[in-house]
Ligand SMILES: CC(C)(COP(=O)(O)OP(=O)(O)OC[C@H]1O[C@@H](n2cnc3c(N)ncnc32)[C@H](O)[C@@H]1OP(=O)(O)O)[C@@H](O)C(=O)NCCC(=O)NCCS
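First, one chain by itself: the form predicted alone, in C-alpha cells.
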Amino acid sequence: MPPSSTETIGPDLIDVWSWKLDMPVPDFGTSMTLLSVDERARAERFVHERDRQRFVAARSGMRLILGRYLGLLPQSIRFDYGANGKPAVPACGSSSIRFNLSHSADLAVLAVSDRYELGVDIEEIRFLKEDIAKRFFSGREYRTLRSMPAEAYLDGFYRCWTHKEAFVKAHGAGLSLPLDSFDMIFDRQGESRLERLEGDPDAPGNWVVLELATPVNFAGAVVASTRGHRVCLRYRDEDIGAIPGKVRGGFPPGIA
C-alpha cells in the first residue's frame, strides 16, 4: 500500500531538503529500483561511473521525498515535462506540489511548495578561468560585480549566478529567456531581489529571491512566484527512512 500523505507546507513556507550524492555502492542497486524506465536509460548514458551514481542518487532521493507529500510510493510517481523540460507531477487527488531539484558536486537540494512555482540552484564555488559574467550577466549586474573588491568577486559572481539560474528554472521559459533580460540585486547591501524583467514591469513585486544557507564552498538560491506574499525557507532535517542513511535534509543548524 502507498504511504499516506502526511507532509504539509502552507502559504508561508518553502521546504528545502538536501542530501549527499556519493552513496555507498550497496545503495546504488536499491536506488535504481526507484527510477522509471526513462530515468534508468538516462543513467546508463553517463560515461563516468561517478556521474551515473550521482544522477541516480539525485533522482531517487527526489522521488523518496516527493512520495511523502503525495502519499505515493517513490517508484510510482510519474513526471510530466513541459515544453522546456521542467518536470512536474500531475495533480494527485487533493495533493498538488511544485518542486525543483538542483545538484552540484556531491550535494543535491530539492525545494518544494504546495502552491508557488519555484526554482532552486546550488553551485560548488570554484575559481573562474574566464570572464563568464561579461558573457551572461546583464549590464547592471556586471557593473555591480566589477565594482566589488577583488576578495568579494567570487562570492558575488556565484550569488548572482545562482539567483539567475533559479529564476530561469522558476520562470519556466528555459533557454528561451535571455540571461541579460533581467537584473538581480545581489551586492549584500540589501535584500536579494529581482529588479527588472524585460517586458514585465510588475515582475519585481511578484517574485521573491531567497538565499540558501549552504556549506562554505557552495552558493545557492530559491526563487518563487509568490505574487508579493512573503515566505521563508524551512530546512528539513528528518531521515525519510526508505533507505537507511539515504536522504538527510536541511543545512542549518549543522551546515556541513
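Heads up: residue numbers just count along the shown sequence, starting at 1. What you are looking at is a predicted structure, and each value in this text was computed from that prediction instead of being measured.
Form predicted in complex with this ligand: not shown, discussed below.
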Testing 198-206, 222-230, 29-37, 51-59 against this ligand in the model of the complex with a 4.5 Å heavy atom criterion leaves exactly one stretch, namely 51-59
**Report entry** Heavy atom of residue 86 within 4.5 Å of this ligand in the model of the complex
**Finding:** yes
- Spell out, yes or no, whether the shortest heavy atom distance between residue 123 and this ligand in the model of the complex is within 4.5 Å. yes
Q. Might residue 98 be said to contact this ligand in the model of the complex, defining contact as any heavy atom within 4.5 Å?
A. no
_Would you classify residue 165 as touching this ligand in the model of the complex, given a 4.5 Å non-hydrogen atom cut-off?_
yes
Margin query: Residues 142, 186 and 193 are flagged as a possible site; in the model of the complex, is every one of them within 4.5 Å of this ligand by some non-hydrogen atom?
Written below: no
As a check of understanding, the residue in 179, 148, 154, 72 with any heavy atom within 4.5 Å of this ligand in the model of the complex should be identified as 179
Across 135-161, the residues having a non-hydrogen atom within 4.5 Å of this ligand in the model of the complex turn out to be 136, 137, 161
